[in-house]
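Only one chain is included here, represented as structure tokens and corresponding to the form predicted alone.
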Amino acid sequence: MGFLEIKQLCKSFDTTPVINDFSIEIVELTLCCLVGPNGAGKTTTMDLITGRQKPTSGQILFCEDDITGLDEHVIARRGIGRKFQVPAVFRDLTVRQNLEVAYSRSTNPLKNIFRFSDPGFVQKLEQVVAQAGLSERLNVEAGILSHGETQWLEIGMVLMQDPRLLLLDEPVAGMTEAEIEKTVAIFKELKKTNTLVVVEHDMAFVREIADVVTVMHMGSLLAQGPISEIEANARVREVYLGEAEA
């Protein structure tokens, strides 16, 4: 059994099919990049995995459990974390406070205060700021971070929830070359301990990080394999890479 299995997934809005009989299997501790032209169905697939949208038909299995159509918070508790394209950080709070909020499981502020002094929290915080490359920025307000640092903070916030599967939507959009380089290093470390699915348009970035590349076209699976195979695939070049070059 796969770590994440998507079987014959379909999603229509009114009568328009957006995801069309889409099936893939994600192996644990791999990094899969989901690529394809705009409108291929990549973000909708992420929405369906996380419960943000409900599929019209098909099945999603995570660690052999059927999670198809469960509510978003239930799926998050099962261990699936997601980072959206536009970071949702608390700009007036410091990096540390943002990570504390992400870690908190209770709406009771008093309970949370005790959780933050718990050695498990301190250990988790140290681990995550090292993973996200933010050790020097703990006491800085999130509102004055660079674009790249803001993206890393949000990745850190997802990691504080200890997900087994991380879904990331266009994590390097708008980053400088240096920030992209650092993000490559962060992802290479992350995939030693986590399973990642990354939606990305930047093929140079995909080339650096992907174990497996899944190409979507018009809501269906067009091709899947290592980047070398994908780049050599004539149909993929015609549909996707040709369009990117044009």
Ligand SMILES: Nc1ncnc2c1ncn2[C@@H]1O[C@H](COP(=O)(O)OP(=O)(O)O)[C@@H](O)[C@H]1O
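If you're wondering where the values come from, they're calculated on a predicted model, not measured in any experiment. Note that residue numbering begins at 1 and tracks the sequence as displayed.
Here the subject shifts to the form predicted in complex with this ligand, a form of this protein not shown in this document.
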The stretch from 203-211, 186-194, 43-51, 63-71 that lies within 4.5 Å of this ligand in the model of the complex, judged by heavy atoms, is 43-51
Heavy atom within 4.5 Å of this ligand in the model of the complex, from candidates Gln85, Ser146, Gln127, Thr94, belongs to Gln85
Note: exactly one of Val18, Ile24, Ile227, Val236 sits with a heavy atom within 4.5 Å of this ligand in the model of the complex, namely Val18
Those residues of 8-40 with a non-hydrogen atom no more than 4.5 Å from this ligand in the model of the complex are Phe13, Val18, Pro37, Asn38, Gly39, Ala40
